[in-house]
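As a starting point, one isolated chain is supplied in structure tokens, in the form predicted alone.
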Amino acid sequence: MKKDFKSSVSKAVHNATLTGALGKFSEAYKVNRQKAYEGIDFETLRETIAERKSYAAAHLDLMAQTFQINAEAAGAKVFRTNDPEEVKAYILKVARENDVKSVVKSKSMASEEIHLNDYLEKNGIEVGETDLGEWIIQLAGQKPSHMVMPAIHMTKEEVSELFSKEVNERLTSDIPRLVEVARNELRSKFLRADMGISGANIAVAETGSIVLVTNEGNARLVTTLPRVHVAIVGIEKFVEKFEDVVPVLTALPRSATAQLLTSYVSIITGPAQNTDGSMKDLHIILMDNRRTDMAADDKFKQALQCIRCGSCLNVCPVFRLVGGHVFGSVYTGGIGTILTAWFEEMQKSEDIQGLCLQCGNCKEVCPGKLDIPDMILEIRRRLVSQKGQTLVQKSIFSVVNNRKLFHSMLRTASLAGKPFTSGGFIRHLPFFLSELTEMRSLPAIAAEPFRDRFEKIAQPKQKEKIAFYAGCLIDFAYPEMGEALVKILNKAGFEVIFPQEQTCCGAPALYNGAWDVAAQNAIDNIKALTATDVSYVVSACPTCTVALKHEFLKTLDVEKKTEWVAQAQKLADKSIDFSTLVKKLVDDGRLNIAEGVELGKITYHDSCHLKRTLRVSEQPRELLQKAGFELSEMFECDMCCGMGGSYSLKLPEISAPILERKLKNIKETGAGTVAMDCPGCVLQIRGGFDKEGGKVTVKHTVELLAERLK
């Protein structure tokens, strides 16, 4: 990452006003969104939206032609272009033909995308934003920091300063007074404007209509008072039929601001009469700007299902720390990274794609069913494909791809780390490594890895065999977790085998765009784990389980190693996460957990991959309660802890405050123990508590259950 980008991230994270405003909003949003969707089947709703929008995206030419025919039949003038420069030139031409001196605009990301304001102002036309948030940032000379709430990063005091300069009057930060000032200032702009420019939230091909939603009514004034109205419509806004408007309007306000409906919904079909009885001059510009290219791309065409609600930003643990300005462009957040890569250039997403934690929160709430994390991974893959890996990445992955060398280096690191180890933790490291232990203590690398300890475990002979995939952390940092797993599965009648040839699951390479490295990791593990006939392949690391069940297949397919796909599928079919397997064994009567004992209060942290990819959340809770723990849920129990694999090493300035919030939420439950199913989360949270001197015990579920076997 470039130094100036890292610097902007650090500056944003340390901006208390920004993080305070975004943090409060995101916390309230989650609760309010849930209320707003009460009585609505969200999954069915978003399935409908995704289906209607994907149909329109797959037939953009047909949508545009149909829309143009119907809009022109209603009296509008329609102009379609792929070129942003032609959009600006067309608007300037219309302005000059109508002797336009002053323009008012309602909120339009499409106009931001082509930097229309600057262009018109350079050509002598006054432009006034009329959405309150947009007007504030226009006065401040800034870009929007959020797709729906462009000025959310500013305080009322900062706004009063801006307004004071604008009206040449010393104003207080009294909000009703500031709103009154805005209303007075903007009303005069509406009345003298010659042209109104709007965007559109929806464009209906069947009727040639555009639909606009606002809370302030400014779009209605922009589109009715001036004698000329120009609407800039990105062609991803198409729906085929008028009835398709309903699902979008149902989801848009609920997902954007947790409202049941916005205060104003305007549907415009053809020009209306001006106040003097003449007909309004209505121009609708259908702007492509590489949207058709996007529709033809198998991976990114789903991005055209976006309804621009911004819910992905509202639930993103990174966005609520850094806001939108660090993205450096018009569009922000995960979806902004994707749109920037397409509407500008792939290279401009090089730094900002690194902000994505891959936690999957955005995917859960997206009304268009966009898989934003997956598209970010694809951007990383294409960037590495275009530019190659960095020297550092090449060095690291060349080691990871050589299992013997990789494991030898870990054993050496165990010895080298001894002088810095105390109580199982490394709390300080020298020189350039010191940053690694600033926000949390690190686990000491085990003196004896699990693969060595396994050989010494005396297992009862059993007919049924199960393979254990440990992953690097359990193998080399937390071997006791592996021992606990063997103990539990032996009790359930399994003989555990540990294929010594298993190696890294490939997740670090995959998440950094090095898919060729991940493919080789997949092949090595497939060979190791399918060599013996077993009932299951179990892992106590959700990230590794996701690799075994899903990512090996995907990676091999993309890297065209199709000769391995059948074996990868066989491995995927047998792979299972620890808690799901143990819950099944308990339900089947093969495993008994000691009951009738009160073990006190416990809280549970959901790891991102376990809950959102493997869909496992209740199983570990039920097992822990069956064992005698009293479960006390923490606030945001399923919010990422900030680990994200190598993310915590690359962006500790973001990982640290996310961890800090997680520790606070855990402590507020009053529980003495926090359980989780991910060794990576254990590393992050246990290390965080050790660093701050907290007294909360951090345990993997496997350790807690092993103590409670009958």
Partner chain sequence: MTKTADLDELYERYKTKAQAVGTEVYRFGTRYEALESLIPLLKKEGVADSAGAFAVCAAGPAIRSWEGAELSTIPGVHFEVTRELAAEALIGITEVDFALADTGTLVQDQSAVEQRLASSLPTIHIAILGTNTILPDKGALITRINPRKSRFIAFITGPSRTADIERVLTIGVHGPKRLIVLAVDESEGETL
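As the structure is a computational prediction, the values presented were derived from the model and not from experiment. Positions refer to the first chain, counted from 1.
The same protein also has a form predicted together with the partner chain, omitted here; what follows describes it.
Visitor: Is the partner chain in the predicted bound form near all of 488, 546 and 592, within 4.5 Å of a heavy atom of each?
Guide: Result no, not one residue of the spot touches the partner chain.
Visitor: Any idea which of 145 to 153, 452 to 460, 500 to 508, 118 to 126 reaches within 4.5 Å of the partner chain in the predicted bound form, heavy atoms considered?
Guide: The contacting stretch is 145 to 153.
Visitor: Since exactly one of 261, 140, 346, 572 fits, which has a heavy atom within 4.5 Å of the partner chain in the predicted bound form?
Guide: Looking at 261, 140, 346, 572 one by one, just 261 meets the 4.5 Å heavy-atom criterion.
Visitor: Taking 4.5 Å between heavy atoms as the contact cutoff, choose which of 218, 332, 555, 111 touches the partner chain in the predicted bound form.
Guide: It is 218.
Visitor: Taking heavy atoms and a 4.5 Å cut-off, does residue 242 contact the partner chain in the predicted bound form?
Guide: Within the cut-off, so yes.
Visitor: Would you classify residue 157 as touching the partner chain in the predicted bound form, given a 4.5 Å non-hydrogen atom cut-off?
Guide: Looking in the predicted bound form, residue contacts with the partner chain include residue 157, since a heavy atom lies within 4.5 Å.
Visitor: Is residue 176 close enough to the partner chain in the predicted bound form to count, meaning some heavy atom within 4.5 Å?
Guide: Yes, residue 176 lies within 4.5 Å of the partner chain in the predicted bound form.
Visitor: Taking the partner chain as it sits in the predicted bound form, is residue 168 near enough to touch it, meaning that at least one heavy atom pair lies within 4.5 angstroms?
Guide: Looking in the predicted bound form, residue contacts with the partner chain do not include residue 168, since no heavy atom lies within 4.5 Å.
Visitor: Does any residue in 118 to 142 get within 4.5 Å of the partner chain in the predicted bound form, counting heavy atoms only, and if so which ones?
Guide: Residues within 4.5 Å: 130, 131, 132, 133, 136.
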